[in-house]
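Quick heads-up: it's one chain on its own, the form predicted alone, in structure tokens.
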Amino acid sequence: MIEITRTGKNPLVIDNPVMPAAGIFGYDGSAYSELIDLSKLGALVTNPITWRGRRVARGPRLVSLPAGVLVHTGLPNPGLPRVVEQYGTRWKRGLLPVIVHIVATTPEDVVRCADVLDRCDGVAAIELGLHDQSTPADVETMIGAVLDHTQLALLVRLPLYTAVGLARAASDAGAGALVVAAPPRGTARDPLTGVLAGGRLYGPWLKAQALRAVGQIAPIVEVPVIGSGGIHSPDDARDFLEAGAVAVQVDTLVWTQPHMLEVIARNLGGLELTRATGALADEWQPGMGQTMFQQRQNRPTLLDDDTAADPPDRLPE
């Protein structure tokens, strides 16, 4: 058991230190339920949500780079009330603690979000995503607005390039944990349209900068730190733990190699088996990546000549 927020009335305790980062897994992880054994993860972090709905960004939304990718979505979402209406029951019945990521737009909207989430039984914690231009005063205002209206544990995701300067302010304001860090912004030319596009940058190269920030922040704050950025292997994740993080969030690796999220979770959770010399892949880690639904499908069934097989059980909603 890992306590990933400061001790208090409702600390967040998880079984595994690995989870997806905000914006990677959707709102309930259902898109990955047949690719990953979700029960092996520590928690589920939702897509970023605002109080009012937002439309998808215009223009180029993804630009491939030599060492990563630039992503610009505009943070589309239907707004928190509709998200809770659609997914609240699923969160309550789900396999994992749910951390709802709220975008720090205005104090008024953040208060509305906190009020709603505080009454939602399926929510384990809130993650507050700070704006890149946030000042220490902004951080104090936003965190105070949340904590005045909820008893839920509060994680605060810091912008990468100002994380060290904002970490102490966030901790002093009452953040239960710090996520280090949100990916930085950049600009690149879209080869398809020829226009310059702005967005957030992802890729393995980001690990070195995020890892340095975690190493600088962990010793100067009294709250748990969660590392995020450039994690593409179990060794990458372990480096963040060695630098002082208590858990990690994995981002765009999930889009290209979703099974690796389970591999990293199994490795850090002590669930990875040792491969015997000469063993085949299916003898090494039987069931890796298989969901309960797939395991049922692969289960042999004895049938009489005139008996039809029953259909596989449906996945729970």
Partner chain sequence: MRETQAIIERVRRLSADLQQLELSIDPALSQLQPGQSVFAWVLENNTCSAYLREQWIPIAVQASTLVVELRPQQVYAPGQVVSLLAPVGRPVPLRAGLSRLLLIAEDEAPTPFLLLARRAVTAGIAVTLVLGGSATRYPLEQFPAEVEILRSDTEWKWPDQVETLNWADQVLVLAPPQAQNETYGSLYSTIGQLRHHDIPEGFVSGLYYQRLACGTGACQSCQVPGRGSDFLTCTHGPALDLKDIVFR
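Positions refer to the first chain, counted from 1. Here the structure is a predicted model, which is why all the values come from computation and not from measurement.
The same protein also exists as the form predicted in complex with the partner chain; that form is not shown, yet it is the one meant from here on.
Are any of the heavy atoms in Ile220 no more than 4.5 Å from a heavy atom of the partner chain in the predicted bound form? Answer no; every heavy atom of Ile220 is more than 4.5 Å from the partner chain in the predicted bound form.
Taking heavy atoms and a 4.5 Å cut-off, does Leu253 contact the partner chain in the predicted bound form? Leu253 belongs to the contact set for the partner chain.
Examine Trp51 and determine whether its closest non-hydrogen atom to the partner chain in the predicted bound form is within 4.5 angstroms. Taking the distances in the predicted bound form, the answer for Trp51 is no, it never comes within 4.5 Å of the partner chain.
Counting only non-hydrogen atoms and a 4.5 angstroms cut-off, does Ile24 reach the partner chain in the predicted bound form? Ile24: contacts the partner chain in the predicted bound form.
Based on heavy atom distances of at most 4.5 Å to the partner chain in the predicted bound form, which listed stretch, 71-79, 119-127, 210-218, 158-166, is the contact stretch? After filtering at 4.5 Å, what remains is 71-79.
Given that the partner chain is left out here, which of Pro107, Pro136, Pro204, Pro234 has a heavy atom within 4.5 Å of it in the predicted bound form? Partner contact (heavy atom, 4.5 Å) among the options: Pro204.
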